[in-house]
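A single chain comes next, written as structure tokens; it is the form predicted alone.
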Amino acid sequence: MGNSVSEVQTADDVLLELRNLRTWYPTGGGVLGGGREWVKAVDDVSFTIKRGETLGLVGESGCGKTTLGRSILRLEQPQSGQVIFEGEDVLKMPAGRLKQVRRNMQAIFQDPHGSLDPRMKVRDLIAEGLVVQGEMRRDERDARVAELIDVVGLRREHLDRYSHEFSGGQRQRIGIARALALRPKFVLADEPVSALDLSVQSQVLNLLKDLQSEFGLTYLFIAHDLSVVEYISDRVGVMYLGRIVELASAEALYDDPRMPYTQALLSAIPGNERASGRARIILQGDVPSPINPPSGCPFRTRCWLAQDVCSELVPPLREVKPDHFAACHFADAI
């Protein structure tokens, strides 16, 4: 099964389930494709997201977080695996059914400027999904847009302006309103506050939490800032070289990390003193290439605990404590 997690949940609890998802990109190759190599951006990932929860996803740049999120929405096409949303495999849906389901799967992107068309007024940006889905009469759409601009804390006179007239935080609020227009059940938030000033970050995070409570939203929250992820997440998954290497509740993962890579990430948080009192861990070497990852454990080339078994066997993502999963041969002893 590879990078899988068996969690005791009823079908009604689970909104989204990934089963052995792989998204690889071809590179190089000789005549007629001979000798082609693959960038293993997402490599055999499985997990579930429960209704109404926030699953945070963290890891270094290039670990596959954004590709994973885009694969869930089928903005990237995986090579294999399943994305089960409310009992249906998104990857096998014909175009017509995918269009219907996408109303329940929306995204908030990292760059609030680049994700908004500068030629469109705010009211048209927010209403675009409603138009594409053929929803509502014009007056009904206008009423929904006005409601949404109120919900995200902007004023109705802003609706007739263009996105370049707003600050970064205001643009991100417009992006959030746009994502909520179709009243989705699942929202992919891909680095939604990383481009914002610290004071604005907290405002947007609090807004996301309030909206989740009000509308029953389920989030996959992707970020590299572990402090931000801790604040907003119910559970946290850690990615390394396209794989999930640790998955647990936010409290358990931050208090008692069982994967050396997670320990190193947490030790880098300024003022963090919780990771078993450990001092700052400086990882040696660079992240290996996803084209040719190390044999066995993908983290072994940078791990201070590595032994012979680490180069021979890929550690499965296994339950080391109740609802705490780690991909390390020595997770029980850490």
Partner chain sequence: MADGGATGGAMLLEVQDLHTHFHTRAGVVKAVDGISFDVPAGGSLGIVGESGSGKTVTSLSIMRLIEPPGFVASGRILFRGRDMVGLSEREIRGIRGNQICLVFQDPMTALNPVYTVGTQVAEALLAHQDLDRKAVRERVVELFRLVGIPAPERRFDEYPHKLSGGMRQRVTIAMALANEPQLLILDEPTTALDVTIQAQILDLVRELRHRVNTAVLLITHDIGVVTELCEQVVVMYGGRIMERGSVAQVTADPKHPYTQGLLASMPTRAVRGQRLAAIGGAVPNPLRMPAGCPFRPRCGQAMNVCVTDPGLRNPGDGRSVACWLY
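Numbering follows the first chain given and starts at 1. Being a predicted model, the structure only gives us computed values, none of them experimental.
There is another form of the same protein, the form predicted in complex with the partner chain; it is not shown, and what comes next is about it.
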Legend entry - Three-residue site Leu226, Glu230 and Ala268 fully in contact with the partner chain in the predicted bound form at 4.5 Å by heavy atom: yes
Legend entry - Interface stretch in the predicted bound form with the partner chain - options 117 to 125, 140 to 148, 157 to 165, 251 to 259, non-hydrogen atom within 4.5 Å: 251 to 259
Legend entry - Exercise: Ala279 in contact with the partner chain in the predicted bound form, heavy atom 4.5 Å: no
Legend entry - Exercise: Leu205 in contact with the partner chain in the predicted bound form, heavy atom 4.5 Å: yes
Inset, instruction - Considering only heavy atoms, tell me if Ser71 and the partner chain come within 4.5 Å of each other in the predicted bound form. - result: no
Legend entry - Contact of Asp308 with the partner chain in the predicted bound form (heavy atom, 4.5 Å): no
Inset, instruction - May I ask you to list the residues of 66 to 101 that have any heavy atom within 4.5 angstroms of the partner chain in the predicted bound form, in sequence order? - result: none
